[in-house]
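In the form predicted alone, a lone chain appears below as structure tokens.
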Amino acid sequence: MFYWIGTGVMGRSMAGHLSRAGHELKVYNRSKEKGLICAEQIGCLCADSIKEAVEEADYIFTMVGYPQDVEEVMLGDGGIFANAKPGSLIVDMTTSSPSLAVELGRKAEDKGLRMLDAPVSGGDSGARKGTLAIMVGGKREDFEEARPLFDTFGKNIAYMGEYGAGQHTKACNQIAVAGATAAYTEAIVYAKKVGLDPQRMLSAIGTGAAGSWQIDNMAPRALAGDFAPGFFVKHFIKDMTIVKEEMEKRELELEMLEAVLEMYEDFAEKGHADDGTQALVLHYED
């Protein structure tokens, strides 16, 4: 039995791949309505509580919003650690705090449970297509056991090391994404200001040294005025804040990341927290 907690933009599609691969699956979402909609769409059951399903689950996947949500789902009253059967493998796919991942991994061992931190990259399109990059921390033998499950919704699946290594790798990913997002946004703004066709500009530079996943997948949405959240601004702020906190512990400043974080924080304060990250182009218009 498999159990999936969190049926948002990403989790719904990822759980769907598991269900279509023939795995017996239950889903749970804090919003029961969203959970029921997801269950109907992907052909599985919807649980009324975390406790209801994890008592029988061999594999438990979580994909929630923030580190505090991860902590609540794992350690809160009625949560996973209190109710999962011994030996269950818990896979947290939320982009969360590396320090929390280490803490949860150790607490899981104390409870007779197993834990992997396995954040993903590839956005809503990667989740739908089953082509996500998956970065995994935890025990190697647990990774190998989970690998066939990751294969149902991921293509580039990498074991990175012990607890927290997956989250640290995702932090590196978000640093690179921050730079690429700001870069293509400013390229679009520049093109418009000097009278270039921004779409032709992106086509011209996209196959050269400036080419990136962000230019191929997100810049076209920005040009089309499609600001629907494949990845929320508020979640990107969360991710960059996690990176900043990790760097502060190590007395290191990442100047580019902090500049992009400040820009997105200002953008969110203007009412764009629930837009997709590609909406940053509106920041310049504001």
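Residue indices: 1-based, along the sequence shown. None of the values given here were measured: they were computed from a predicted structure.
Note that the form predicted in complex with a further copy of the same chain isn't included here; everything after this is about it.
For a residue to qualify, one of its non-hydrogen atoms must sit within 4.5 Å of a further copy of the same chain in the predicted complex; none of A15, G43 and D110 qualifies. Heavy atoms of L75 never reach within 4.5 Å of a further copy of the same chain in the predicted complex, leaving it off the interface.
Not displayed here, a further copy of the same chain is approached by I175 to within 4.5 Å at the level of heavy atoms in the predicted complex. For E145, no non-hydrogen atom is located within 4.5 Å of a further copy of the same chain in the predicted complex, even though that partner is not displayed. The closest non-hydrogen atom of W213 lies within 4.5 Å of a further copy of the same chain in the predicted complex. Remark: of stretches 100-108, 145-153, 79-87, 182-190, the one touching a further copy of the same chain in the predicted complex is 182-190 (heavy atom within 4.5 Å). Proximity to a further copy of the same chain in the predicted complex, defined as a heavy atom within 4.5 Å, singles out one entry of V233, A57, V260, V64, which is V260. The contact residue chosen from I237, A47, L223, L254 relative to a further copy of the same chain in the predicted complex is L254, the criterion being a non-hydrogen atom within 4.5 angstroms.
Looking at 131-165, the residues that come within 4.5 Å of a further copy of the same chain in the predicted complex, counting any heavy atom, are A133, M135, N156, A158, Y159, M160, G161, A165.
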